[in-house]
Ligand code: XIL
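Shown below, as structure tokens, is a lone chain in the form predicted alone; questions about how it binds or moves come after it.
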């Protein structure tokens, strides 16, 4: 989908509410994930300009769509988002350079049994990362270099991606060294989910410690934190932040949202196929869920603010009109963000922006 021209615009967001980027100016960047065709229109446009000090591209900076083929790149949509951010004084996080769900086939073309196949795959990965990072050099302050490297279970700490199968554990070293060679100043992150779970964190730390011993230039760790009300607590996440701090690393919260359904595949209406209530339904169930969500957001932002290592907190989306949780893991309307579908601040916003508005 082609992006419209994203020139700087005058924000029309609510003038009577505090700007999150100002509330947390001396604490961490406030980020929001968005793609250019969403950023150009209200309510996202006005929210971003008023509240965000960082933008992450949801889709347009991943290998698909940028890596059309070997040495052929499609930067148009990503450039449009960067132009919008720069025109409005917003920093940009790059997401992502290497991910098992975007392992484009052309990276692996050839006969795996042929001499030199591994070297060719390595060269393609290195060339891709160097060219992409170089293209955005000076315009991106941080990159998620490798996304989701740790296995969810099993004896091997590493996820069994094609990168892992062809290049072995060294694919992470290769990716980070390539990114560092292209931009000596950008912050480089290893990004994953589930690090609040001890078993997953142990696998991730096995990988991380191995890389740090080998001198891989990892500056920080990204924590995704896709949560559900009534599930994960700050006390469960705190050890993950502390573990990275103990290794001298930066922490970024990269993909935060809080589903209003306690069950990830849950729904207020039945059957699930018919579960798409109107925007912000005025029901007791919804009000209770939004209160619980606000309590969680407030508690987690307190946790993040208590850790100096946390220098960026990004919600995975801008407002409830556009969220991946509307279709994952089932199709039903969700309300996981700080702003409602009309761009108005929710109880969760006030829990984050002003402690005097915390739910009683």
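Numbering follows the first chain given and starts at 1. Because the structure is predicted, anything quoted here is derived from the model rather than measured.
Separately, the form predicted together with this ligand exists; it is not shown, and the next lines address it.
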Legend entry - Candidate stretches 23-31, 288-296, 331-339, 54-62 - the one whose heavy atoms come within 4.5 Å of this ligand in the predicted bound form: 54-62
Inset, instruction - Determine whether any heavy atom of residue 99 comes within 4.5 Å of a heavy atom of this ligand in the predicted bound form, and answer yes or no. - result: yes
Inset, instruction - Using a 4.5 Å heavy atom cut-off, state whether residue 316 contacts this ligand in the predicted bound form. - result: yes
Inset, instruction - Find out whether any non-hydrogen atom of residue 148 is located within 4.5 angstroms of this ligand in the predicted bound form, and reply yes or no. - result: yes
Inset, instruction - Considering only heavy atoms, tell me if residue 226 and this ligand come within 4.5 Å of each other in the predicted bound form. - result: yes
Inset, instruction - At a 4.5 angstroms cut-off on non-hydrogen atoms, which residues of 228-266 are near this ligand in the predicted bound form? List them in order. - result: 255
